[in-house]
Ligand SMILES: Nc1ncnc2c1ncn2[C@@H]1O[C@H](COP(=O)(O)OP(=O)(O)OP(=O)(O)O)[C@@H](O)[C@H]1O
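Okay, here we've got a single chain as structure tokens, the form predicted on its own, with questions on binding and movement later.
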């Protein structure tokens, strides 16, 4: 028995150096892992401190209207109107409604204005304030907001109207008779006394025929309810009334109110409010805010675009110097335009993408001019490599017209004398942008 015990002891002793070596390796690995983990944690902390040092934002929701709660949005709007922004438009609307305070019935109003000019928010602010003033004068006045910002059928428009009047989110199912929907609307208005104003946003979105809806609102409904209806229709299209039946315009007896785009001074005041609520004012130069307002007013006069440009400039500032100056606004404007172009390229259909790729391969690095026939040969080669059947040259020419229309290439028609006409194609976008967008589109 003793020799066996010694043998067992000898075997264990033989494996002892291996076990010690393995323990040392595991210890080193654990130490390295701990050191690496500490290094990563230190990097996270360092980057977090650096980001906070360069951060301008104190309350990010004021740079994104979609995230702004309804009560906060109302407070911002109230502050905007208290600064006499849109005073001219406010005066027009209020002048149109003031006969109500004397018991007179004003005509319907058709409010025109481009997107982002503040039509909806201004009307809702005025009607809310007017309701309170009318109550002080002993006049019963109510209003309902009907949102038609997405395209609706006649039934869909009646559905939205019924929901606005009964104050619930209940939607009537499709397939029920139009007469039933009309009866529900009449029933909802049956107990209303005094004046009832219907604010219909994007009234031109009723497809395919808006005449039936307007006839019901302007002719049928007033005969069946006891309250006195005032219709206020909002639209972005200045020529919309030309598409209406002349008989509708006759019984509407409408008043036209125009909302001009915001000017630079109005946008400046709006942006100042956003800066006060959303940013650290000590890190924002006033010249930068003026430049954002000037850029937005020069392009569209859209308040939403101005706030979007401000938010983009803030991101640029936080990535670089930590201060918002005119330089950051210039870079943000350039990035904003590039982001839109890149999104458009990524959304192209396969044949459109191949045509765009062929254009930039044909013009080369030097952006030389290429005729349609030369670009078509490159397009055929690219299509074969992608395993896609190429279009005919005639249809490819239509594709070039599409790309030219959206500013992705420049296609200029030139005369070749007796050899007819052709188009010279050149690129108009940075090659890096096109390459990056096309790689994501595949």
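Since this is a predicted model, take the numbers as computed values, not measurements. Numbering follows the first chain given and starts at 1.
Although not depicted, the form predicted in complex with the ligand is the subject of the following passage.
Closest heavy atom of residue 236 to the ligand in the model of the complex, within 4.5 Å or not?
-> Yes, residue 236 sits close enough to the ligand in the model of the complex that at least one of its heavy atoms falls within 4.5 Å.
Going by a heavy atom distance of 4.5 Å, is residue 192 a contact of the ligand in the model of the complex?
-> The answer is no: residue 192 has no heavy atom within 4.5 Å of the ligand.
May I ask you to check whether residue 219 falls inside a 4.5 Å heavy atom distance of the ligand in the model of the complex?
-> The answer is no: residue 219 has no heavy atom within 4.5 Å of the ligand.
Residue 114: heavy atom within 4.5 Å of the ligand in the model of the complex?
-> Judged by the heavy-atom cut-off of 4.5 Å, residue 114 is in contact with the ligand in the model of the complex.
Partner-contacting position among 120, 280, 325, 131 - heavy atom within 4.5 Å of the ligand in the model of the complex | Result of the distance check: 120.
Which pick from 369, 73, 184, 346 sits with a heavy atom within 4.5 Å of the ligand in the model of the complex?
-> It is 73.
Quick one: which of 359-367, 154-162, 207-215, 269-277 gets within 4.5 Å of the ligand in the model of the complex, going by heavy atoms?
-> Careful reading of the contacts points to 269-277.
Scan 183-218 and note down the residues that get a heavy atom within 4.5 Å of the ligand in the model of the complex; none is a fine answer too.
-> Contacts from 183-218: just 202.
Change in CA distance between residue 80 and residue 92 in the model of the complex, which is 3 Å or more, as closer or farther = Relative to the shown form, the pair is farther apart.
Knowing the Cα distance between residue 82 and residue 300 changes 3 Å or more in the model of the complex, does it shrink or grow relative to here?
-> It is closer: the C-alpha separation of residue 82 and residue 300 falls by at least 3 Å in the model of the complex.
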